[in-house]
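Quick setup: one chain, the form predicted alone, written in structure tokens, and binding and motion questions come after.
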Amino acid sequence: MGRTSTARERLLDAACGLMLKRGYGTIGVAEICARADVKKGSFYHFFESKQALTIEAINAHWAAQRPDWVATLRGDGPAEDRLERLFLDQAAAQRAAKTEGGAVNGCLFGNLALEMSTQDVVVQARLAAIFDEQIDLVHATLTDAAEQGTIPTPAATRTTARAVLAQLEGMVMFAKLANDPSVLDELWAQTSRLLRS
């Protein structure tokens, strides 16, 4: 790998890390460059703006996460178990962040959506597309679960899939707010009740 792509990747990694911990508005190009060990003047060789970097950081983050979502939700085993595994994995990631860095970071997509939903339509549209893809994956899993008879057929809708994802995102947000991953201890039990209500 050449020096140019290494510097670009470091900028993306730095942006993801800083945005996950502190959000978009509190960090600037200079801090991202310092974290990435890239000269500020080189930043604009790779990205035309902070917005362009943010879009690519979001894309890189989803590219890293998406295979796990797909492997878990479209993998083998009962559909409801697959969905539970996704939730347990998400909770484990927040526990690991707290153990390793001292803070529950939350979800990059959820954090940015809350911060930027009325500020930047380009970023907003990209986040909405990722959430739509996640909803589609959850919906397909709910459809499988209904066909397997483990949840009621009326629960296997895209609306319910959105509610399930909102449950996950909302509880991760509360865990971040409290800086306490134990907030997620009952996440799956609550979601399972939601699917049967």
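It should be emphasised that the depicted structure is a prediction, and the values quoted were computed from it without experimental measurement. Start at 1 with the first residue shown and count on from there.
Only in words, not in the display: the form predicted in complex with another copy of the chain, which the text now covers.
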Exercise. Flag residue 16 as yes or no: does it have a non-hydrogen atom within 4.5 angstroms of any non-hydrogen atom of another copy of the chain in the predicted complex?
Key: no
Self-check item: Any non-hydrogen atom of residue 111 within 4.5 angstroms of another copy of the chain in the predicted complex
Solution: yes
Quiz item: Do residue 89 and another copy of the chain come within 4.5 Å of each other in the predicted complex, heavy atoms counted?
Solution: no
Self-check item: Contact label in the predicted complex: residue 154 to another copy of the chain, heavy atom within 4.5 Å
Solution: yes
Exercise. Let me know the one among 69, 62, 43, 131 whose heavy atoms come within 4.5 Å of another copy of the chain in the predicted complex, would you?
Key: 131
Practice problem: Would you give me the residues of 10 to 26 that have any heavy atom within 4.5 Å of another copy of the chain in the predicted complex, in order from first to last? | Solution: 21, 22, 25, 26
